[in-house]
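Just one chain is shown here, as structure tokens, and it is the form predicted alone.
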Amino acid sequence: MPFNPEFLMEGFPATVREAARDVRVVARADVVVVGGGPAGLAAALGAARNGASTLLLERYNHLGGLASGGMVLVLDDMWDAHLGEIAVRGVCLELIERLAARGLAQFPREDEWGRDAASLQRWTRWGAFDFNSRDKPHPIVFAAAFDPDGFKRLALEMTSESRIALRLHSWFSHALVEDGRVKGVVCDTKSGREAVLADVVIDTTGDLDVAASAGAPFSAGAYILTTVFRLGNVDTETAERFEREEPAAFAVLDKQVKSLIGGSWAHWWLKTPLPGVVWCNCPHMSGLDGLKVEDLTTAELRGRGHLHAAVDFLRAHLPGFERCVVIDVAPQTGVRQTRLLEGDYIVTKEDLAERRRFADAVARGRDYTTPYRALLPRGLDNLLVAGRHYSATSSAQKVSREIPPCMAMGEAAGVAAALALSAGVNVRDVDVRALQRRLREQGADPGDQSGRNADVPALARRIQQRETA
């Protein structure tokens, strides 16, 4: 039954007054990162590895955000089809390599990229294809399928190695602002409200919570919501063979499944590094606002209804799924777009379509770049923004919001914060050329240079020992 706010409000006042109170200061750091998703993890690592004392705040009991808690289990949109190379590097590529070393990530190597029949057969159901290509079937490119708990584990290890102070279970409440300068944030916790002070704050909440609270201008956006889930006991070999050998029968069943799910991408299930476990980036639900409690509640109720109806059908009809069970539903709702910053520069869809290379580019996506100005809120100092709520139009964000480019933005923001503190300047006045050089020194690609990179990362060439044993 949908949530009915009018029923609950009947007979009650429209507002209540909250009493003023003192808030205990629990910590202070050079850089405070609010939001421990992929962009926040990269931002915290970028700042800490460049000498800034760094504190990372996260509302859930884990790091990784929509990658781990939201179970968006393919790191993609990091392949430049025009240049034929891996576009997103740095922290994102490092994380993939560390996951793969533990058998918790799978990806095609350099000699498997392209449209070779064997590669298409092996890698398509891993999600390692160029979903932006107009060619059908989509060519295989560099993308990594990973295990969500592995992401959480590695994120904690990496923050610990870099001596990042971590405060989980801390739900952002509001920004502390004095004379246009962000001084810190207040969080709600089980111990009550707690304040954390900082010289630089980085907003990686995904919904622009910090910047909006501080008074930064923004636009309102919306896109589909998803309650991602995983299925176990799936015979993926049988399922893939049925799809390959009986395409007409498969197409009929696939259409029926998608109708029950209520909306999905072309491939509603993909393989994971865990045997017999697949993930389903669906159902897709439109017309809901990711900032409204009522709509988020509706999404959970509606999404579970869709997925259980689909599972009943799968058990009865789809080869390979006869014994499938629901392992879990993502604890984080798949929210793709809400508030969007209106920063010093607003990236447009034309910028992306024209593959514009900005002089102040600090992060690279598929075949586009992000200027440093798109991370800077207008009218506020000591604040940076990184992630899917960066300064872009709604149409531009929809095609530039994937996890790897958000990690690239986060890494750039973290390094920028550290450089600003080292130079004794505001983040708006950072030497962007120095920032670009530092990013390159650390293995990232800020996207400021035209043309192809000279190297193919060793990760894309290497065959794991367990595959050749």
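Remember, predicted model here, so these are calculated numbers, not experimental data. From 1 onward, residues are counted along the sequence shown.
Keep in mind that the form predicted together with a small molecule is missing from the display, and what follows is about it.
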**Prompt:** Even though the small molecule is not shown here, does Leu439 get within 4.5 Å of it in the model of the complex, heavy atoms only?
**Reply:** no
**Asked** How about Ile403: is it within 4.5 Å of the small molecule in the model of the complex, going by heavy atoms?
**Response** yes
**Item:** Interface membership of Ala44, the small molecule in the model of the complex, 4.5 Å heavy atom rule
**Value:** no
**Message:** I'd like to know if Arg428 sits close to the small molecule in the model of the complex, meaning any non-hydrogen atom pair within 4.5 angstroms.
**Reply:** no
**Proximity to the small molecule in the model of the complex, single hit among Tyr372, Phe129, Trp279, Tyr368 (heavy atom within 4.5 Å)** = Trp279
**Asked** Is it the case that Glu94, Arg364 and Glu411 all touch the small molecule in the model of the complex, with a non-hydrogen atom of each within 4.5 angstroms?
**Response** no
**Fill in**
TL;DR on 414-422, 55-63, 22-30, 431-439: the one with heavy atoms within 4.5 Å of the small molecule in the model of the complex is 55-63
